Structure formats: structure tokens, C-alpha cells
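One chain is shown next in C-alpha cells, namely the form predicted alone.
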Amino acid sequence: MNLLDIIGAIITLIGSLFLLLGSIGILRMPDVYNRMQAGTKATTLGSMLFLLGLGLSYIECGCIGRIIILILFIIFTNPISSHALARAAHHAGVKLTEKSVRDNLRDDEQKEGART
């Protein structure tokens, strides 16, 4: 086992921990918006680290280019899709948890409505 394998294994383990924390966050958060946030942030970083670690561990397979493309795809699509889902849930009337103190989207929509 060389140094690159060890570094790849450590990065893969850290990515796995982020994925586990995201899963726990999905179970523990009180409403759909907080669950979406916990799932998106943790899985974005966790998936990227997991793939990077695998790429470093199996550098001889020649698949690091594909892994970089996958990481870029995750960087661009995961936050955007989560944002679109959260806006759709808000427009569908999914309520925030009672512990939420601000609803910036509702405030912005009210300001836009007052202007027109």
C-alpha cells in the first residue's frame, strides 16, 4: 500500500462521514427545508470527497478525468436542484417549522407584489 492509497482511503472515509452526517440530518431536521439543506450540503461535499478518494486510490485505472467530470456535475447540479425543489415546496404551500424565525422568500414576494 503506497502513500496515495492511504490518502485516498482517508479522503474516502471523510466523504463517507459527511454522507452519514447528511443522512442523520435528514432524519433529525424538523421540516422539509431544513432536511433539504442538510441533505444537500452534506451530500455535495461527501460525494465529492468520496469520489476524489476513490480516484486517488485507483489512480492506475485512468478514470480520474471521469471522476473530475462527475465532481463538477455534482457541484453544479446538486445546489441548483435543491434550490428549485425548495422554491417549488414553498410555492406549493409547504409550511416552515414553527421554530423558523424568518421567511425571506415570502417577504421578497410581498415586496414584489407591492411594487406591481
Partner chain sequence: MAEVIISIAGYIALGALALSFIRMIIGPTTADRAVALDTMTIISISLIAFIASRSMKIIYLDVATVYALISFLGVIAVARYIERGI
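Numbering follows the first chain given and starts at 1. Please read these numbers as outputs of a predicted model, since none were measured by experiment.
Beyond the structure shown, there is the form predicted in complex with the partner chain, which is absent from this document and is the topic of what follows.
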inquiry  = Ala92 versus the partner chain, in the predicted bound form: is there a non-hydrogen atom within 4.5 Å?
reply    = yes
message = When the contact criterion is heavy atoms within 4.5 Å, does Leu96 count as touching the partner chain in the predicted bound form?
response = no
4.5 angstroms heavy atom contact with the partner chain in the predicted bound form for Leu105 = no
request  = Report whether the minimum heavy atom distance between Leu72 and the partner chain in the predicted bound form is within 4.5 Å.
outcome  = no
ask   = Even though the chain is shown alone, can you say which residues of 77 to 107 have a heavy atom within 4.5 Å of the partner chain in the predicted bound form?
value = Thr77, Asn78, Ile80, Ser81, Ala84, Leu85, Arg87, Ala88, Ala89, His91, Ala92
